[in-house]
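Shown next as structure tokens: one chain only, the form predicted alone.
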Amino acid sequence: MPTDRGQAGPTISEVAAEAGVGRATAARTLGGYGYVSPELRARVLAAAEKLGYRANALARSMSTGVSHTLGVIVADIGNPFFAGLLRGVSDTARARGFDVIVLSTYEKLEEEVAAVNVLIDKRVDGVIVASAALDREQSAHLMAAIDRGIPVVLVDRAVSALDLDAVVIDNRDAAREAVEVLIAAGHRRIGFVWGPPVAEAPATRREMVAAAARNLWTDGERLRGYLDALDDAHIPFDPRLVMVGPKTEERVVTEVGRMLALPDRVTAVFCTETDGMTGSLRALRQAGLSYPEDVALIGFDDSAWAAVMDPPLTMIAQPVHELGARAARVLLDVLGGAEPARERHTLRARLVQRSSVAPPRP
């Protein structure tokens, strides 16, 4: 029976006494390090079970250097995309005997820096991060973890000039394919939601790409895919059709409303985030328009709600579970002794065509 010690459990010394072995032998057995004969190991484990001993993970990590814990940093665990990604990490880590600690940053770099410091203090074995850093200069906290012997794998987005493994999707190709579907349906006035978070829209294509390069990698890649499709179809770039400003649903409503009020208004909108799609739907409702009759719509991040809309929405489906699982496998392989590949592991997104695209009205 477990010893009655209030909230404190039995100590290693008590387990050693019960097993009739030295404290060092009990510590090696319960900590999972060093050599212990099978006979003595069995005695210690039997004594630990009898007394209800539970190893202190932090103390064990301090003595062995291994905590069997991964740290995961994402923008928002309440976002369905990141929830699915975390499930992939957790499932893979659990199968390999690792626990997972999750922290949210809400896309704030200072929160990410604090989160990395927390994970270092928790002595995690490795970190998976959907980083808000835009370049190497903003990534000192990630390099600090690596300098301490904690490997880091990026997920969902890469960081410019940072030589780390990154597990991402083919954002640029996926965006290009979606816009090509709109063009094939006859659309030439295609809005893009959302673009760079700048106060005023860049006037030229070159300036727009430069502004995107100063934003999150995923946002920039999706904008480039949009521009690729326009270029391939010889459709002139119109900066008025790219949303700029804060990345919020309210801003989307304002910006799409502006695009709908143009003399040569948009006839289609490509949304790169869930809030972009919900904001676009609100803007259409406010303008007294419907989809796909008045405006065609395609969005990123397919979900159950998109399929039950009336009519159902055409969406890009990301392999969110596999993104998390692949990132965990890459990290666990490094922890198992493999050399970091320091490469971009790219997964394929899939366009799910439903009923939100129709030809523009004559």
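Each residue number is its position in the shown sequence, starting from 1. Bear in mind the structure is a predicted one, so any value in this text is a computation, not a measurement.
The form predicted in complex with another copy of the chain is left out here; the points below concern that form.
Asks: Under a 4.5 angstroms heavy atom criterion, identify the one residue in A287, A144, A114, I235 near another copy of the chain in the model of the complex.
Replies: None of the others qualify; the residue that does is A114.
Asks: Would you kindly say which of R214, R282, R96, R205 lies with a heavy atom within 4.5 Å of another copy of the chain in the model of the complex?
Replies: After the contact test, the surviving option is R282.
Asks: Does A185 reach another copy of the chain in the model of the complex, with heavy atoms at most 4.5 Å apart?
Replies: Heavy-atom contact with another copy of the chain at 4.5 Å: absent for A185.
Asks: Classify R123 as contacting or not contacting another copy of the chain in the model of the complex by the rule of any non-hydrogen atom within 4.5 angstroms, answering yes or no.
Replies: Contact check for R123: yes, within 4.5 Å of another copy of the chain in the model of the complex.
Asks: How about L313: is it within 4.5 Å of another copy of the chain in the model of the complex, going by heavy atoms?
Replies: Output for L313 is yes: heavy atoms within 4.5 Å of another copy of the chain.
Asks: Does another copy of the chain come within 4.5 Å of any heavy atom of V252 in the model of the complex?
Replies: Taking the distances in the model of the complex, the answer for V252 is no, it never comes within 4.5 Å of another copy of the chain.
Asks: Would you mind picking out the stretch of 131-139, 148-156, 239-247, 274-282 that comes within 4.5 angstroms of another copy of the chain in the model of the complex, counting non-hydrogen atoms?
Replies: After filtering at 4.5 Å, what remains is 274-282.
Asks: Relative to another copy of the chain in the model of the complex, which residues of 77-93 have a heavy atom no more than 4.5 Å away?
Replies: Heavy-atom contacts to another copy of the chain in the model of the complex: I77, G78, A83, L86, R87, S90.
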